[in-house]
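This document opens with one chain alone, in structure tokens, the form predicted on its own.
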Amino acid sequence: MLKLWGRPNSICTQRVLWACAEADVEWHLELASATMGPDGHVSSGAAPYGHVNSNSYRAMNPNGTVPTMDDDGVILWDSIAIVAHIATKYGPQTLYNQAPDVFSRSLQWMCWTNEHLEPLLHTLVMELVRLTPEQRNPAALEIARNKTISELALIEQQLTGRAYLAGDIFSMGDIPAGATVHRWLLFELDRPAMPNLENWQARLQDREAFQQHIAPRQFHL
């Protein structure tokens, strides 16, 4: 059984839980966070779940972030690395069709999501959900909204003539972007129509693992 530390409303933790479910891996999640707790974000005065600043946790993850995984002594603290580990060890057929080219294209889009899309969504979730009204910055919100639309246009283009980001089959490459785009759509901000992206999201939402770990609104809003 995998030991995981994180929180269900963390996009990065959600990626790992989704991958575990797709690969049919048993896991135990220990709630941990420096910024979120059962009553909300620390910016509103809520107490975080904690654990991440303890010496034992920092020995596993010197960043003090979530998620962290311990798989029988194999410790990883980056969600992309954890999903790739789960795919190669437990779900090569399910998560990349046992094909090196699918694995590589999947990893490409996973890294792209971290570098280009997720920082913008972090700004959006802070400005729309987690910060108190007096702490919010409308200008930062608008900049992030416009930049997100520009980045999502790349996904719209990539999905022309293909069902999923790495090809015609679901793969681990759909997990990070799929979770982030779902959160974006829940914000209901002004945006142009992107039919390829919306159809891709509909296919992802048909997956039981998505329904369990990504779909619930309370994990995002």
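Numbering starts at 1 and runs along the sequence shown. Keep in mind that what you see is a predicted model, and the values were worked out from it rather than measured.
Another form exists, predicted in complex with a small molecule; not displayed. Remarks below refer to it.
Contact check for residue 10: a heavy atom falls within 4.5 Å of the small molecule in the predicted bound form. Proximity of residue 166 to the small molecule in the predicted bound form: non-hydrogen atoms within 4.5 Å are absent; the residue sits far from the partner. Though the partner is left out of this view, residue 153 does not reach within 4.5 Å of the small molecule in the predicted bound form, counting heavy atoms only.
The closest non-hydrogen atom of residue 66 lies within 4.5 Å of the small molecule in the predicted bound form.
This chain is drawn without the small molecule; in the predicted bound form, the residue among 106, 148, 79, 113 with a heavy atom within 4.5 Å of it is 79. Of the candidate stretches 28-36, 154-162, 167-175, 190-198, only 28-36 has residues with heavy atoms within 4.5 Å of the small molecule in the predicted bound form.
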